[in-house]
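Single chain ahead, written as C-alpha cells, the form predicted alone.
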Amino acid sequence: MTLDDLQFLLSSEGEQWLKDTARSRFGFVVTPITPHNHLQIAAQLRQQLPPTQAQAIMETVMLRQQAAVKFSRADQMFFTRPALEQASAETISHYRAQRFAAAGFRQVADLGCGIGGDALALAAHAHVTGIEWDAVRLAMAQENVRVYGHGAQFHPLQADLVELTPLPAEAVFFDPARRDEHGRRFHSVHQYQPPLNLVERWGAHTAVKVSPAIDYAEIPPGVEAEFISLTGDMKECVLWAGDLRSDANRRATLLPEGHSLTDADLPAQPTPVTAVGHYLYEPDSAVIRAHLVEALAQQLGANKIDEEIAYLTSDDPQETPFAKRYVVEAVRPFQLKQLRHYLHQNQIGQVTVKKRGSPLEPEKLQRQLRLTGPKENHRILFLTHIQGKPSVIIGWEDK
C-alpha cells in the first residue's frame, strides 16, 4: 500500500467503500469476507476502482477482521499485515502504558512505532513522539491513535532510528523487528532490527519488547524481565530499565486480570520432589518462562513431581490464578499396552494428551490407543517424567 492509497482510504469515498465492502454490498449475506467469497468481491472491486485502490480496500477490510482479536476499535483502524502480526494486543499495550504513567513520565518516545499499537495506549497518559521510517505505517499510526481519541498527544516523526539524534524524551518504548523481510524469526536479540543496543543512546528509562523465548544469557544486567501471558497464552517479554523497572528481576504477569508473581516470591529452600498427590497443577506459561514455578509451589504449599518438570502436586486443592488444577485419577509408568488396557477397562472414549518432558507425539498416541468408549467419557493424559521415570498421569480438569 502507498501513501496515495492510504489517503484514498481516509477520504469520504474510501470510507464508504470500506464500509460497503465490509458489509458485502455485492449481494452476499452480511458476513465477514471469507476464502469462499473474497475472490468474487475482489473481482467486482477491480471493475469499479483502480487496481491498487481495490487491493487496499480488500486488504484493509480483511486485516480489520483479523485485528478484532487484538483491538476493540479494529473496524476503524488501518494496518499492514506484518505490522499487525507484530503489534501487541490492546490489553497488553494498555497494561504497559500504565507502568509509564505510574512512573510519572509525560514525554515518551515510541521507537519504531509501526501502526501505533502501543502509541494509542501511551498517548492516553503522555505526549508520544512516534518514530518510524515507513511513511505508510507512520500515517496509519497517526490515524489509529486518533481513533482512540488521543490524536493531539501523538507527534509523528519519519526517521531512521539508527541515524537519529536522540530527542528530548523522559522515557522510551522500543519494539524492534523480530523477523526478517521473509517473515523468518530472529532467534537472538543481536539480530533484531534495529539492534537492541540502540536504546543505550536514548537514556536510562526504557522498556523493550522482546520475544518471550529470549535466551536468559542475552537479558542485559540490571533490568526487570517481565513475561506476559494473555488468557493463558504466552505473548511477550518486556525488559524494563531505569525508573520503569520494579525491585524484581523476573516477573510473570497474567492478563487481563493483572496477577503478578516475581522472584521475590521464591522460597529460601528448593521445592521438594514427591510422589504425585490427589491434585496436579499446570503453571501458566508466563510462570514457567519467568522461572517462577518454585515461587508458585511455595504459594500453593505444593511439591514438584520431578526436578526438571514444571508440574506441581498437592493432596489438598488450592485456588490460584497462576495454574490450572487437575484431579488425579491414576498414575502409571508409561507402557502403551497397560495404558490402552486401563482406558478400555474404564470405557474412556476420548482423551486430551498433554506432554512435558516426553518425546512422544500426542496425535500418534491417540491413534494407537484405539478408544471405543463413549465420547463423553473423557480424560486428560499427561505424558511426563516423575522422579526421572517416563510416566503418564490420568485425570481431568478441576474447574
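Heads up: residue numbers just count along the shown sequence, starting at 1. Here the structure is a predicted model, which means the values were calculated and not measured.
Form predicted in complex with a small molecule: not shown, discussed below.
From the list 99 to 107, 316 to 324, 275 to 283, 153 to 161, the contact stretch for the small molecule in the model of the complex under a 4.5 Å heavy atom rule is 153 to 161.
Put simply, of Q193, T271, Q76, S211 only one has a heavy atom within 4.5 Å of the small molecule in the model of the complex, and it is Q193.
This chain is displayed alone, yet in the model of the complex one of M234, L255, A177, V147 has a heavy atom within 4.5 Å of the small molecule; that residue is A177. Heavy atoms of every residue among S88, I115 and D118 are located within 4.5 Å of the small molecule in the model of the complex. Shown alone here, R137 lies within 4.5 Å of the small molecule in the model of the complex, counting heavy atoms only. W133 belongs to the set of residues with a heavy atom inside 4.5 Å of the small molecule in the model of the complex.
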